[in-house]
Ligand SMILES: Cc1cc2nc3c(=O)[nH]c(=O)nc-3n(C[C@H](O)[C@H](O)[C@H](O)COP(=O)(O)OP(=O)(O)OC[C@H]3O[C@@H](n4cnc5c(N)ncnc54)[C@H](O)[C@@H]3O)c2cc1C
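Shown next as structure tokens: one chain only, the form predicted on its own.
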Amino acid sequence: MLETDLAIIGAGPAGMAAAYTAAQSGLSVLLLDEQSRAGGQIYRDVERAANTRGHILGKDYTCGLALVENLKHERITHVTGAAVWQVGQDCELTYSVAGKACQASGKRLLIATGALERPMPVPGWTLPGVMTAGAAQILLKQSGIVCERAVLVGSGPLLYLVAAQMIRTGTAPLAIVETQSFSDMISAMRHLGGALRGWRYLTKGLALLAEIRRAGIPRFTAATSISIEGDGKAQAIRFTSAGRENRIDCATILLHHGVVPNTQISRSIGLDHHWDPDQRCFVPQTDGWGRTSLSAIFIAGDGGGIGGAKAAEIAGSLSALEIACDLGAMDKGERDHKAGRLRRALTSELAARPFIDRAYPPFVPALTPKDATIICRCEEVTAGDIRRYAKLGCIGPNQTKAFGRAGMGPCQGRYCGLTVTELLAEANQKTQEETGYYRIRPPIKPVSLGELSALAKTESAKP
């Protein structure tokens, strides 16, 4: 078993920043990441794509190059293609690389697995040709592929960024269909002071909107009654906006209404979580350093609450400073001195977040969809099925597995979990906190019997 001072899961902005900060402090670092190159989702494939597509993806993307370069530090062991499928409360990890199971142990563990794009189950969302806006962006970053005859649907600044990037490639989207309303913007105004303190985000957003306007891309706001039409594949989007019914013929539909923390690993360890009513999701309980309810385990970045790439980078560095202090690599005075500047920067980065959350809320009809809408794609369970289970006495997501296999597919509830919680809470007239979430068990990722067998042989060979 490989032993290290700090084991990190995830080589996104939080994981990369934490690895470098810890290594500079004198700690040995093992950085495990499922991708073939560092960067996470936000900086995906940045080393390779920055030169060829940096002008399309923008400066916010290419600034990830510095973080990736820092991973060359001699105290950092960066393992790519590593799928972590079991994590212990004692900071022991089991993961697979190229079909071979491996184990490692850290004196401290940092989970930096980032966020998942919130599913947007509307009628027709499972048709071929429908994907998330984030998935479309990954295609552009990694392969240079641009979706043609596409319509962007949902809410949130990512829609504007993806639209602008598509415009720069010469393949602009047909339209942007937005679900946020004027009343959402009015509700957000009480947080305008924070938004002004985070003026850089406002400036970027206004610049993206100006770019979209110059390209002549139609925008529809306060959209309702959204459905996707198609015979075997997506062929059109239908919706109501400004009191009028609209239908747009298209080949691709890109859905997005926010991102949520990826809590699969933190759930599997049994860490404490709480419901965030603003972001409508469960969030791990952490302190100001990212320390969780298990003192040796930390969470940094969007996996501990959505804040964006820069905030994740700062949070990763803060966690690394505390871990270095824990392990005697620096004293509290040095830790606090270095953390002071980081905390000021983090406050600035997060200042606009309350405004953004209120101005671009999730699309409510997709949080509790109509009965006929599939919400668990793996097992083809509909929203109506979940409501029926509730009438039969189902009170929590974990019970739905027995009632109808919801959450038991390959994704293990990553994409249907929050929808199941919302549906059961509504049906049983309980809060989301009372309703709870799936109980996650290893293996967290698919693993072959051969890998398990080889690992068992390794264990039996130990003295």
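Everything quoted here is computed from the prediction, not taken from an experiment. Position 1 is the first residue in the sequence shown; the rest follow in order.
The form predicted together with the named molecule is left out here; the points below concern that form.
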- Among 382 to 390, 173 to 181, 105 to 113, 338 to 346, which stretch has residues whose heavy atoms lie within 4.5 Å of the named molecule in the predicted complex? 105 to 113
- Query: Taking the named molecule in the predicted complex as the reference, which of Ala215, Ile138, Leu294, Leu327 has a non-hydrogen atom within 4.5 Å?
  - Reply: Ile138
- Query: Though the named molecule is not shown, can you say which of Ala188, Ile269, Ala164, Ala82 has a heavy atom within 4.5 Å of it in the predicted complex?
  - Reply: Ala82
- Contact at Pro13, Gly40 and Gly134 by the named molecule in the predicted complex, all three, heavy atom at most 4.5 Å: yes
- Message: With a cut-off of 4.5 Å between heavy atoms, is Ala23 one of the residues that contacts the named molecule in the predicted complex?
- Response: no
- Query: So, in the predicted complex, is Lys445 in contact with the named molecule at a 4.5 angstroms heavy atom limit?
  - Reply: yes
- Message: Is Ile9 part of the interface with the named molecule in the predicted complex - any heavy atom within 4.5 Å?
- Response: yes
- Query: At the 4.5 Å heavy atom threshold, is Gly308 in contact with the named molecule in the predicted complex?
  - Reply: yes
- May I ask you to list the residues of 20 to 35 that have any heavy atom within 4.5 angstroms of the named molecule in the predicted complex, in sequence order? Leu32, Asp33, Glu34, Gln35
